[in-house]
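Consider the single chain below, provided in structure tokens and representing the form predicted alone.
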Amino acid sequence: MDGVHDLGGKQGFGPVDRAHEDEPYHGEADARAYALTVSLRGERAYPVDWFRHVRETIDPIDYLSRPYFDQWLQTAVAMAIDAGDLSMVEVATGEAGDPVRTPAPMDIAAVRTMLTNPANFEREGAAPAFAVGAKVRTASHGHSGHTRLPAYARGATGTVIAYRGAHLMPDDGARGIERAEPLYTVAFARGDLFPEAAGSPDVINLDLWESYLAIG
């Protein structure tokens, strides 16, 4: 989805606040929002790309003004309501309704196991169309729905430096479709993505799915 959420390379939002960079959360509320959101993966197995797509539908004013984990909590509530695991009455009152419908909470051991054994999104798929060393150009436009091709990298030419196997395509996953595509790591000169950095020796590596790419 092209929208306010795609902030990579954007200017005008002031300096990055690094005051809390050594702290995983700014407070207990952040930790609880993270734990609640992650626990949904265990009970209902909400797809991660569906989570990203729902978060990207947050109103721009909310998206830019609400704290990071507050956005996560808002997204988790929206997904739970959409799936029928939660009602607006329960959200408004803070009281659980039908105990038969309400999923049982995960215990601490189950959460720890889930977090230390992350999901594997690699699948069997078609042979890769691009070889390591190939020059490729990224798509120059987006589409409705979720995508993992950032706006700053569109219409740019880079070099394939690694093939990562076939992995679930996030654009389809956000629509509930499980389909794998070849995944590559593509290297771009920093100046090719950000003209103001022309002449910089820096290289930016992006993991990109095959349908984002064409021969450069």
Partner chain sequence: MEPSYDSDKVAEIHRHLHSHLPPEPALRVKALESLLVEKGLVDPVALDTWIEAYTEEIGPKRGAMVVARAWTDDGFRARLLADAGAAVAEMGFAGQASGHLKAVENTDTIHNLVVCTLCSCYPFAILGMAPAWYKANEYRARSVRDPREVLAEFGVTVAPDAAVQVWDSTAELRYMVIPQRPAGTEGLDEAALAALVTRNSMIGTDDLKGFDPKGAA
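Between two forms, the rigid core is the largest collection of C-alphas that superpose within 1.5 Å. Numbering follows the first chain given and starts at 1. Just so we're clear, the structure is a prediction, and the values are computed from it rather than from any experiment.
One more form of this protein, predicted together with the partner chain, exists but is not displayed; see below.
With a 4.5 Å cutoff on heavy atoms, A92 counts as touching the partner chain in the model of the complex. Among residues of the shown chain, D98 is one whose heavy atoms approach the partner chain to within 4.5 Å in the model of the complex. Using a 4.5 angstroms limit between non-hydrogen atoms, G176 touches the partner chain in the model of the complex. Of the heavy atoms in L7, some are within 4.5 Å of the partner chain in the model of the complex. Residues of 118-142 that come within 4.5 Å of the partner chain in the model of the complex, judged by any heavy atom, are P118, A119, N120, F121, E122 in sequence order. Core-aligned CA deviation for A127 between this form and the one not shown: less than 2 Å. In the core-superposed comparison between this form and the one not shown, S140 has its Cα shifted by less than 2 Å. Once both forms are overlaid on the rigid core, the distance between the two CA positions of H20 between this form and the one not shown is 2 angstroms or more.
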